[in-house]
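Read the single chain below, which is given as C-alpha cells and is the form predicted alone.
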Amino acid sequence: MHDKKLSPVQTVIMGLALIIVLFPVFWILMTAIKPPTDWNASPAIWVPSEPTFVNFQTLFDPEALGKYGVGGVSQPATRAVFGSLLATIVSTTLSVFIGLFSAIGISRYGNNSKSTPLVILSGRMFPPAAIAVPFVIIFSNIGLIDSYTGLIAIYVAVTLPFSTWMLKSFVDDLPRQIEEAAMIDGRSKLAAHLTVTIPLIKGGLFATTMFIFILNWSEFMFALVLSYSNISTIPVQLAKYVTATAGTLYGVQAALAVLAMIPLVIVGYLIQGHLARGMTFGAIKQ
C-alpha cells in the first residue's frame, strides 16, 4: 500500500497543496531579509535584491532601523524570548508530569467509563476566547494576572487534556502483565510504574512532551489577555511591532517569526513519526 504511486492528477493536487502550504513560509523568510523600502513595495518584491539582516538586528537593538529613517521600536525582543522559554518549558514539564500519572491512573485503575474522555477533553471543546474571560476574572482576584505564574497555570490547564489523552494511548498499548510481574517480584504499584511503565513508553513520553511544547510555544490568545506590562511572549511581541511613524514593521515581525519557527521546525522533525497518532489521541496505532 505504501508503494502505490500517485496518479498525475494526485501529483498535481499534491504540488498545489505544497505551494499553498509553503508560500507563507517563503514570504516570511523573504520579508525577514528585506530592507524597509521593500516591505510594502508595489508591485511586490518577491526576492530582495539587497538582502539584509537589519530586521534580525532590530530585535535586539531597537535603534538598528535608524539608518533607514525608521524609528519608534520601543524595546528589544529579549524579554519576550525569555518569557516564551520560561512559560513554555515550565508549563510543558508540569503538563506532561501531571498528565503521565493521570494517564496511568485512567488506563490501569479507571472504570472504563465512556464519559471519561468527554470529561477530560471538555475544556478543549470551547473556543479559547470563551474560557479566557473567566480566567482573567479569577486571576485578577487572586493576584495572578500579568504574572508568569498565572500564564504557566493556564498553559498547564489548557494542555493537560492533550498530554493525558496522548499518554493514555501509549500506556494502553503496554501489556499489564509486565507491570504485574514487577509487582509479583515485590515492587509496589508506584515502583512498578516508575521502573517499568515509564521506561517502556519513553518514546511516547518524548513525543507528547514535544507536542505540548509546540502548543505552548505558539499560544497567543491567553498570553495576550493575561499580560499587560510585566510579562511578554513572542506571539504577543509580534503584535506590538507597530509604530506611529512607520506603521507596521513587517520586516521585524517576519524576523521574529523566523526565530519563533526554528524550535517548532526542530521539534516537528523529531516527532514527525508520532504526530498523526498525537493528533488523533491514539486512534491510529503504529
Partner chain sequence: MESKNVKLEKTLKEYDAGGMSRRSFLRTMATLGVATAVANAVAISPLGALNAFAAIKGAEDRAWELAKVAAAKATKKKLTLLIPTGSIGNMTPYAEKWKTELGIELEFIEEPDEVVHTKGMQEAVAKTGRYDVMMPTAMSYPDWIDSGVIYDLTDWTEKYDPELFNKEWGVVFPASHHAQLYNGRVAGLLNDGDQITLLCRKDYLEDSAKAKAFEDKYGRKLAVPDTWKEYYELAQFMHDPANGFYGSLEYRSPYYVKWMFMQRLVSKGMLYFDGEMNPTFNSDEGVAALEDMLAMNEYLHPDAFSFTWSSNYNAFGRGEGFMNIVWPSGFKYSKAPSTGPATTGKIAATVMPADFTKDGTKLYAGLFCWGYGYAVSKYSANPELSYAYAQWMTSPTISADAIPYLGGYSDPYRVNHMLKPTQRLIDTYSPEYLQTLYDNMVNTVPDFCLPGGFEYQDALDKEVHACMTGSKKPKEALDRAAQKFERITRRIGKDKVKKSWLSLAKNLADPIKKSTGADKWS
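In this text the structure is predicted, and so the values were computed from the model without any measurement. Numbering follows the first chain given and starts at 1. Just so we're on the same page, rigid core means the largest C-alpha set that superposes within 1.5 Å between forms.
There is another form of this protein, the form predicted in complex with the partner chain, and it is not shown here; the text below is about that form.
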| task | Only one of Met261, Ala246, Leu29, Ala64 comes within 4.5 Å of the partner chain in the predicted bound form by heavy atoms, so just point that one out. | result | Ala246
| Looking at Gln75, Thr149, Ser113, Gln177, which is the one with a non-hydrogen atom within 4.5 Å of the partner chain in the predicted bound form? | Gln75
| task | Work out which of the listed stretches, 205-213, 183-191, 88-96, 137-145, brings a heavy atom within 4.5 angstroms of the partner chain in the predicted bound form. | result | 137-145
| query | How about Asn55: is it within 4.5 Å of the partner chain in the predicted bound form, going by heavy atoms? | reply | no
| Partner proximity in the predicted bound form: Trp46 to the partner chain, non-hydrogen atom cutoff 4.5 Å | no
| query | Is the gap between Phe60 and the partner chain in the predicted bound form 4.5 Å or less for some heavy atom pair? | reply | no
| message | Please determine whether Gly71 contacts the partner chain in the predicted bound form, using a 4.5 Å cut-off between heavy atoms. | response | yes
| remark: Checked 35-66 against the partner chain in the predicted bound form; residues with a heavy atom within 4.5 Å, sequence order, are Asn40, Ala41, Ser42
| message | Is the shift of Asn230 between this form and the one not shown large enough to count as movement, that is, does its C-alpha move by 2 Å or more after the core is superposed? | response | no
| field | Rigid-core frame, C-alpha of Thr243, shift of 2 angstroms or more between this form and the one not shown | value | yes
| Core-superposed comparison between this form and the one not shown, Trp217 Cα displacement 2 Å or beyond | no
